[in-house]
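Just one chain follows, in the form predicted on its own, and it is written as structure tokens.
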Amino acid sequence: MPLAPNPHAMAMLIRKLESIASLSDEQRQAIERLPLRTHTLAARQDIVRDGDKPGHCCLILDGWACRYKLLGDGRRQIFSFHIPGDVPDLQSLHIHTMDHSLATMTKATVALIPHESLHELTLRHPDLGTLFWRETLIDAAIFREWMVGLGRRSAFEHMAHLFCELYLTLQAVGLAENYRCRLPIAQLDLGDALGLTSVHVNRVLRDMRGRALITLRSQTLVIEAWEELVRIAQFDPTYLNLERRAAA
């Protein structure tokens, strides 16, 4: 498929960027003119691998993805989950060799945007370059929260914090409302993100259901007691820097 602008696909990126800042009409139009190539991938398929030197960035249009690192014995650590509108490998614009992998978690449609086009965009529109930098700083803030979770929160607190974070990020791009959202994350994936075994993940989920905090059925998460979940997780959404937030 040849490279070509796709305003509908770019609407996903615009929606994500507008969750953290305001865009002018000129900026939206510049983003819409970016050339891209779309691909549909099966679940659990690598998009870019550790050690690759990609010439493009990947925009998630549909489905979910994750960033991860494999140890020599096959153990996996997931660093982050990604939803439509995310550009998980934006750092590849400036760090040319990937030090981790990016893979689909579900069937997904992705848009590949050439680095050259993104560099040209940020040169012509420095404010957009600043906004991409802001996005990478927020990404780093999320990493810091995950580090605190892995190192200092209990398994229950850590999972509660993750659910709060995912709900707000999905809500900010119009993919969640009324404390209900799609959550196509297997218990194995939750374990690899939280540093827990599948058995431990199952126990924590059972405890959350038993305390009437959540229901999780058919890949749909319903937060039944938002304020209590926030209290348990000691969740402060400031680090997400969202323009749109759920009512507490």
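So that there is no doubt, residue numbering starts at 1 and follows the sequence shown. If you're wondering where the values come from, they're calculated on a predicted model, not measured in any experiment.
FYI, the form predicted in complex with the DNA isn't displayed, but the following is about it.
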In the model of the complex, the residue from Arg209, Arg33, Lys69, Arg37 with a non-hydrogen atom within 4.5 Å of the DNA is Arg209
From Gln29, Thr215, Thr197, Gln45: within 4.5 Å of the DNA in the model of the complex by heavy atoms is Thr197
Q.
Contact with the DNA in the model of the complex for Ser154, defined as at least one heavy atom pair within 4.5 Å: yes or no?
A. yes
Is Arg49 close to the DNA in the model of the complex, meaning a heavy atom pair under 4.5 Å apart or at it?
-> no
Q: Look up in the model of the complex whether Gln187 has a non-hydrogen atom within 4.5 angstroms of the DNA, and give yes or no.
A: yes
ask   = Applying a 4.5 Å heavy atom distance criterion, does Asn202 contact the DNA in the model of the complex?
value = yes
Within 4.5 Å of the DNA in the model of the complex by heavy atoms, the stretch out of 154-162, 79-87, 138-146, 108-116 is 154-162
